[in-house]
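Starting off, we have a lone chain in the form predicted on its own, written out as structure tokens.
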């Protein structure tokens, strides 16, 4: 009998997402039939959508902004250690006791980072993805971490909750002063949220600095191009996307697909020319 996975992504917006491509490629690699939908869910509709998914037997779910904290709140007592540490959930599955949750973004960013152990990191953004980034940096023993956010108080609460030492919270206009000392910069803001991103002077970065933009494809391209022109090694978040998705797929099915065909499918989708429609 063919194993089937019925899932979806809950977020707002979600029309740009490559999660369907990811999970269908993962399913093809291990012989799982995948039915995966993009579900655009407004901020006040998360719980009702979970109920509708359960009624529709769509019980293998990913969660993206702005719902990772809400998903964490819907899985009390049924969360993994990574979800509890970060206070965010991006992967849900149904159990007899209710929805259970994991934060596979942690595994995803660890894969993106590779073996590197940065000395000084700057994280731009304080949402659900930033929580996973900060968790990995803490585990790696990063000596100093600064978080840039529109609301510095939110960044400060995040840092306090994660128990990060040698960390600071700053407003967006504080980025310029931090660039010269950072060897790792992680852009965890959704594209277009901060108009000032186009004015960042990447030439102020130290030699050997690395920029990781957690978005991918055309959404991340302008910032990455600007950084590369200034001599900064910059990459999009496709590796993180693939790794977190494969970890979620393994949670749901008990199967771990090979990463190569999944990454190839994602990169092909990112590099494809835009559709005429």
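Small disclaimer: the values here were computed from a predicted structure and weren't measured. Residue numbers count along the first chain shown, from 1. By rigid core we mean the largest C-alpha set that fits within 1.5 Å across both forms.
Same protein, other form: the form predicted together with a small molecule, not shown, and the subject of what follows.
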Proximity of residue 244 to the small molecule in the predicted complex, heavy atoms at 4.5 Å
yes
Proximity of residue 87 to the small molecule in the predicted complex, heavy atoms at 4.5 Å:
no
Using heavy atoms and a 4.5 Å limit, would one call residue 68 a contact residue for the small molecule in the predicted complex?
yes
According to a 4.5 angstroms non-hydrogen atom cut-off, is residue 219 in contact with the small molecule in the predicted complex?
yes
Interface segment, criterion being heavy atoms within 4.5 Å of the small molecule in the predicted complex, picked from 114 to 122, 183 to 191, 197 to 205, 77 to 85
183 to 191
Tell me whether 129, 154 and 215, taken together, all sit within 4.5 Å of the small molecule in the predicted complex, counting heavy atoms only.
yes
Among 110, 162, 167, 172, just one has a heavy atom within 4.5 Å of the small molecule in the predicted complex, namely 172
Sole residue of 240, 41, 50, 60 within 4.5 Å of the small molecule in the predicted complex, by heavy atom
240
Tell me whether residue 256 is among the residues that move between this form and the one not shown (Cα shift of 2 angstroms or more, core superposed).
no
